[in-house]
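Okay, here we've got a single chain as structure tokens, the form predicted on its own, with questions on binding and movement later.
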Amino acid sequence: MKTRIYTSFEETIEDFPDGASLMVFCWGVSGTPQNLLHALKQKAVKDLTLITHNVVPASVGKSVLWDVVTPFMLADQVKKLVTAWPGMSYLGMESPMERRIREGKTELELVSHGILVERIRAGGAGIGGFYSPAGIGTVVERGKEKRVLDDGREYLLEKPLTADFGFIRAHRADKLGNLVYRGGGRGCNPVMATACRTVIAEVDEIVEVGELDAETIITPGIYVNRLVQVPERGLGSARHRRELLSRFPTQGQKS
């Protein structure tokens, strides 16, 4: 499989249809593929199945960073949501996604962070499912097979997760699509890259083959279908991050 390099985020997702499923990591400014999410918002794709860790806006303390794009911005486009954190009640308000869930416009599948990651890993590895004790005796067990295993404990059958598209945020890539991550971006971007049929990575820099230290490559290019480079003033760029940190000097000094 050859990785194709694009120059436009809009062109990169041109074939993204209504009703498709999307897997995207969201945990901090540098690890979220903001430009791809922004392009998808502008494309106004509807009836999405969204698989992500959280659907809350980026924030520092109680200050919401509205110029940081997260899956929160896609709320009105989502038909089904698989997540560990669907709302933002800690900010003292009901989010658009919470409202859609309450009104029955978006179906919610609530899952813990750890089980979410393991289901994605299972999807990427071709594993048919696994048993976990997490969620026994809670609403999480509804609709799931429950079984008592040899140790006498109850377990729930958790099924693998895959998606039509995966939006990945990496630091550097070579022209074969091999990816290097930085900081929090390494959290779950790598495992998501294994579980999606079409993987699109936005990166800070694209270099020639051989320029990356092989010991730092986390996602092999065989998993990556498309690459697009974040422009100097793009969302999540070094310049963008510096501008954000300049608003909160105390937090910036601690990071």
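Computed from a predicted model, the values in this text were never measured in an experiment. Residue indices: 1-based, along the sequence shown.
Form predicted in complex with a further copy of the same chain: not shown, discussed below.
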* **in the predicted bound form, P96 touching a further copy of the same chain (heavy atom, 4.5 Å)** => no
* Although a further copy of the same chain is absent from this view, report whether E215 comes within 4.5 Å of it in the predicted bound form, heavy atoms only. => yes
* **is_contact(R172, a further copy of the same chain) in the predicted bound form, heavy atom dist at most 4.5 Å** => no
* Any chance G152 has a heavy atom within 4.5 Å of a further copy of the same chain in the predicted bound form? -> no
* Would you give me the residues of 152 to 184 that have any heavy atom within 4.5 Å of a further copy of the same chain in the predicted bound form, in order from first to last? => Y155, L157, K159, Y181, R182, G183
